[in-house]
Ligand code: G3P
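Presented as structure tokens, the chain that follows is alone, the form predicted alone.
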């Protein structure tokens, strides 16, 4: 499974990229607003930090304007992935852009039927929002299972990019189902390494080592 950071905070992205575990980044208008910085500048910096796809979202709602915005965004760097909403105009834009060789992330997916449409439009990624799905009384993981089944039935190349991840269990379940990508806040990525027994083991090893009075660095 690929790990994407869902953030526009440069410091967090740089720290995670240094681990070698980061495969890409997703942003959206809300994350850019939270950063308080210029959209184009932030996107350019992120693209320089990671080799993988960096999702940059259009804000227009009609196809012609989406295409104009996408044309500007994809000139930022070769690894820009244009993010479009799951609407008729968004799917039309997706079809046009992927036909030109541009990566496209179709976002705000909340049903398997929507995911089917995204795949038929040639999306590089589809982003089902599991956390928001759960918030509204539905089972986010069941949505991922349905999409995985449908994509496998027809050998669609579109990758399932699980979004709106709230906690490590979402990551675990997505991996068990066979989702291709999990995009999550940096705090969730960091939490994946934590386990009380790991911490306890390190504490015990260090205590025993201290008793030897030795040092590795001379």
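Positions refer to the first chain, counted from 1. Since we're looking at a predicted model, the values are computed, not measured.
The protein also exists as the form predicted together with the named molecule; that form is not presented, and the subsequent description refers to it.
- Picking from 63-71, 157-165, 172-180, 40-48 the stretch near the named molecule in the predicted bound form, with a 4.5 Å limit on heavy atoms, gives 157-165.
- Contact check for residue 138: no non-hydrogen atom falls within 4.5 Å of the named molecule in the predicted bound form.
- In the predicted bound form, at least one heavy atom of residue 28 sits within 4.5 Å of the named molecule.
- Within this chain, residue 120 is remote from the site of the named molecule in the predicted bound form, having no heavy atom within 4.5 Å.
- Interface membership of residue 92, defined by any non-hydrogen atom within 4.5 Å of the named molecule in the predicted bound form, is ruled out.
- Residues 129, 132 are the members of 114-146 with a non-hydrogen atom no more than 4.5 angstroms from the named molecule in the predicted bound form.
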